[in-house]
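Both blocks below hold the same protein chain, though in two forms, and each is given as structure tokens: structure 1 and structure 2.
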Structure 1
């Protein structure tokens, strides 16, 4: 299969002479699910912030659809990549429906309002996430888990080719985690490419997806989760405590 997303020789640091990512190379196949797995502080979120163009890196490239993302306008990049952050704090007052509709912005002409088709797409994704009963509520007056589902619905409403999720299960209860995994599998079947970070190897095994292991800012192993996620390897990454469980 062809690659839809490539990270080439990417290095990045928030401070001069102190790299968080060091010569990262990663190729993501079109229509695949890839988990970026690693312990807290290893560079997972930093890597995603580079892929979506938030972090301004000087070394390396991020290629989407055979083009460097630095050549895309924000609107063009939004049509390629939808992003779901760990941080679900919102400082403005919107209803849940209005918030989900923001996913349509990259498809609208400047200054134009969402049309009936856009509302239909937003409501269908809210239904898929089980949050239609929240659509008229203030986004800031629902629970953190419910807000996370609204963020996911917004990303689906964006209808981008690639969906990137940073610790998407962090605020979700067990039932909604399983619901999310089912949605991820459905999206793959529809040809979408999913990339998500996690520190939980059980999630990777449950999805049976591809995995890239990041440790101290470097990709140290990548391939099928079924071949990589062994107890011995987890001990190497997370320490001897893994042997007790």
Structure 2
């Protein structure tokens, strides 16, 4: 299968001479699910921030659809990659419908706002995720799980091929985590490429997807979850404590 997203020799640090990511190489296949697994603070979110073009790296490349993302305008890049963040603080009272419509921005010309067609797309995606009843509610007054669904609806409304999720299960209870995994699988069926970060190996096993293990800013292993997530490997990463469970 062809690669849709490639990270080549990427190094990045927030401060000079202090690298958070060190020579990261990663290839993501079109229409696949890939988990980036690692301990807290190992560089998972930093890597995602480089992939979405938020972190301005000096060394290496991020290639999407065979082109370096540095050559894309924000609009072009957002038509290719949608991003679901770990925590976005919204102090203004946007409705869920308005929030989902934000995903149409990369399809709008300067000076224009969403039209009838855009409302239709937003509402269809809300229907797919079963959140039509929330459309007129304040985005800040719905539960964590519902908010996550609103984010996914926005990403679908953006109509980009790749969806990046930073710790998507962070604020979800067990039931909603499983529901999210179902949605991720459905998105794959529809041809979307999903990349998400997690610090929980169980999530990767449950999804049975591809996995890239990141440790201290370096990708130390990648491949199918079934082959990589073994007890021995978890002991190697997380220490002897794993053996007790």
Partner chain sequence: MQNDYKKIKTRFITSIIILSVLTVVLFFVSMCVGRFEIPFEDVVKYFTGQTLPEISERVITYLRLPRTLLAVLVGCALATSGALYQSVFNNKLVSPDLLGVSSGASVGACFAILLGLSGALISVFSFALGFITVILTVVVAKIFKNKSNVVLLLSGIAIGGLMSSGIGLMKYLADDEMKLAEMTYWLLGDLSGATMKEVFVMLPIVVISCVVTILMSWRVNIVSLGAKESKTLGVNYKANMGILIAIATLLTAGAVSVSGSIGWIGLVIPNVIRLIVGSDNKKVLPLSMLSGAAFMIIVDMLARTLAPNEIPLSVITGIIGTPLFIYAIFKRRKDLQ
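Definition used throughout: the rigid core is the maximal C-alpha set that superposes within 1.5 Å between two forms. Numbering follows the first chain given and starts at 1. Please read these numbers as outputs of a predicted model, since none were measured by experiment.
**Request:** Mark the structure, either 1 or 2, that is the form predicted on its own.
**Result:** Answer to the question: structure 1 is the form predicted on its own, whereas structure 2 comes from elsewhere.
**Request:** Report, in Å with one decimal, the C-alpha displacement of residue 115 between the two structures after core superposition.
**Result:** For residue 115, the alpha-carbon shift amounts to 2.5 Å.
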